[in-house]
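Shown here is one chain on its own, the form predicted on its own, set out as structure tokens.
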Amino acid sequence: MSKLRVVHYINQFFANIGGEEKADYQPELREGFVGPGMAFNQNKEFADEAEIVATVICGDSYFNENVDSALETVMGMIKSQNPDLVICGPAFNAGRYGVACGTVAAAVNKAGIPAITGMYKENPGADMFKKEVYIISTKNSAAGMRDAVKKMAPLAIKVAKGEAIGASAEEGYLPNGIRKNFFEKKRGSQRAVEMLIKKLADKEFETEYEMPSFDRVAPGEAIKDMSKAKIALVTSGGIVPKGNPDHIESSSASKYGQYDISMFTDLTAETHETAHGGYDPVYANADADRVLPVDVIKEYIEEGKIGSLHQYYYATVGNGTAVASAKKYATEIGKKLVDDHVDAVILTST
């Protein structure tokens, strides 16, 4: 009995080509498995039924900045191998990688070839593609590779064989809006009481219906005298110095930038631009003050309405950026602003 032919899609990092400096790596087809493909081949349940015959590699930035052409090239490489199954990732919490994995897996499914992927629940790709493709829920970093493969392997085989797929709670994929009825061994009241007892005893328990968690931030005290206040600007609108020196990504940003604006009274097309890929950049590129109002702040300072503008502004791109990443940036930026004795912050989006 011949094994299922599997094509694996991974990014430049997991192919050991490089990190962010190689994110513009163009699509490449290699024979056999590469990087995490070894973990699948070492999984007995997978290895008994399937074999990775080829690996398609593409840099995260290249794919997301050239979606149409990159997807066409990647799909051509995949189809050339006549696969029975395509596995993408897992991408964990890497935003651009997750979007690429979801895009490829969804396109493969539409082409009539079974496909699955895996990523962390807060990866932007998860929310974008969970209704189009089975996405195994993973941990938020590559440290969870073994656990991810353990869950992806059996589901991949089921999908490839066209077998019935159970509920998300049973199979380990992210809920996709399709309800699957099944019988629990214990009645609901008993499960609820057991969870309550564990919670009261401060023990770990797993809820059957996870509620969304929203941060509640206590508002700060009102500024008593704005004419003496030091104001800072922070934006998720992607305003960066001309040329984007820190190479902040247009989607699923992996970093933020700190830039000196002490010498500017106005942001022009010659000095600043937007790196954001989620809105029409024409007007922001023509006059970045439309997103980062340096000109108005400086006018208010001259009129005595505001005390001063902080020397630095902080910028990232909110488009597709993971919540966990945004929290990390906010914590780091917030500490810097507190250390620099900033009184208030104006936060701008797009």
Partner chain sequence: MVKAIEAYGIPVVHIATVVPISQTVGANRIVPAIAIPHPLGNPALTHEEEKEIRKKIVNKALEALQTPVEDQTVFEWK
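Just so it is clear, the structure is predicted and the values come from calculations on it, not from any experiment. Positions refer to the first chain, counted from 1. By rigid core we mean the largest C-alpha set that fits within 1.5 Å across both forms.
Although it is not shown, the form predicted together with its partner chain is what the next lines describe.
- Considering its partner chain in the model of the complex, the lone stretch of 70-78, 157-165, 195-203, 92-100 in range is 92-100 [heavy atom distance within 4.5 Å].
- Not one of V34, A39 and A275 comes within 4.5 Å of its partner chain in the model of the complex, counting any heavy atom.
- D127 is the sole member of D147, D127, E184, D260 with a non-hydrogen atom within 4.5 Å of its partner chain in the model of the complex.
- Although the partner is absent here, V345 sits close enough that one of its heavy atoms falls within 4.5 Å of its partner chain in the model of the complex.
- Proximity of L29 to its partner chain in the model of the complex falls outside the 4.5 Å heavy atom cutoff.
- At the 4.5 Å threshold, heavy atoms of I297 reach its partner chain in the model of the complex.
- When its partner chain is considered in the model of the complex, G18 lies well away from it, no heavy atom lying within 4.5 Å.
- Taking a 4.5 Å heavy atom cutoff to its partner chain in the model of the complex, the contacting residues in 40-74 are S61, N64, E65.
- Relative to the superposed core, E332 shifts its CA atom by 2 Å or more between the shown form and the other one.
- A movement of the C-alpha atom of E49 falling short of 2 angstroms is seen between the shown form and the other one when the two forms are aligned on their rigid core.
- Annotation: Cα of G304 displaced by at least 2 Å between the shown form and the other one, core superposition.
- Inter-residue distance, S325 to G18 (Cα): increased by at least 3 Å in the model of the complex versus the depicted form.
- Cα of A322 to Cα of S69: at least 3 Å longer in the model of the complex than in the shown structure.
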